[in-house]
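First, one chain by itself: the form predicted alone, in structure tokens.
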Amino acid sequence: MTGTGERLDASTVIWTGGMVASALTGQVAPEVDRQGRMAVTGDLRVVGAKDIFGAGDVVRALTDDEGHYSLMSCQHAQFMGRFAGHNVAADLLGLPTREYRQTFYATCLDLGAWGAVYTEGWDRDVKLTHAEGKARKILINTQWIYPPAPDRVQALAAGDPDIQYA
């Protein structure tokens, strides 16, 4: 159904949509990019708001020394969250903060019964397909990005910025 109410018959429909950060970013940062994301320094402080740290879909953070920036994805958001949490605590205690870097990048697209496609690197080099790709997607969804158990030790360990998944 189109915006005017017209119905179009089709055997295949592909829907795409863009992503935009919360409009609240404009109330925190003096400038945002075209996706509404705030610029941050290496230690994830919001540019123009030195006492505020940012992470996740609302920030555009440099991920490596090759000039790649974070994407609006759980892969970047979770890892940035570890660094931001560490850096907030370090800043409050007067300790040095750490520079966020996340050199590993991968994508995994679930394609239903066919399986999945798993890629690594910014050039998206295909590493796994079909059942092997699906197994990796299940691992990602059930273990790597799943919240930690409701156990204090495990939850605090999950916040360690040195954790890398690959």
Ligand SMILES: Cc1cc2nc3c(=O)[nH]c(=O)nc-3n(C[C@H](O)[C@H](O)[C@H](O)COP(=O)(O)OP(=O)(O)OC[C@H]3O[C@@H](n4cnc5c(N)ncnc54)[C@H](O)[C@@H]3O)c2cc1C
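Since the model is a prediction, treat every value here as computed from it, not as a measurement. Heads up: residue numbers just count along the shown sequence, starting at 1.
Although not depicted, the form predicted in complex with the named molecule is the subject of the following passage.
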Under a 4.5 Å heavy atom criterion, is residue 74 part of the interface with the named molecule in the model of the complex? yes
Please determine whether residue 55 contacts the named molecule in the model of the complex, using a 4.5 Å cut-off between heavy atoms. yes
Would you please decide whether residue 19 lies within 4.5 angstroms of the named molecule in the model of the complex, comparing each non-hydrogen atom pair? yes
Just checking whether residue 137 would be counted as a contact of the named molecule in the model of the complex - the rule being heavy atoms within 4.5 angstroms. yes
Going by heavy atoms within 4.5 Å, which of 66-74, 31-39, 113-121, 44-52 lines up against the named molecule in the model of the complex? 66-74
What are the residues of 7-32, in order along the chain, with a heavy atom within 4.5 Å of the named molecule in the model of the complex? 15, 19, 24
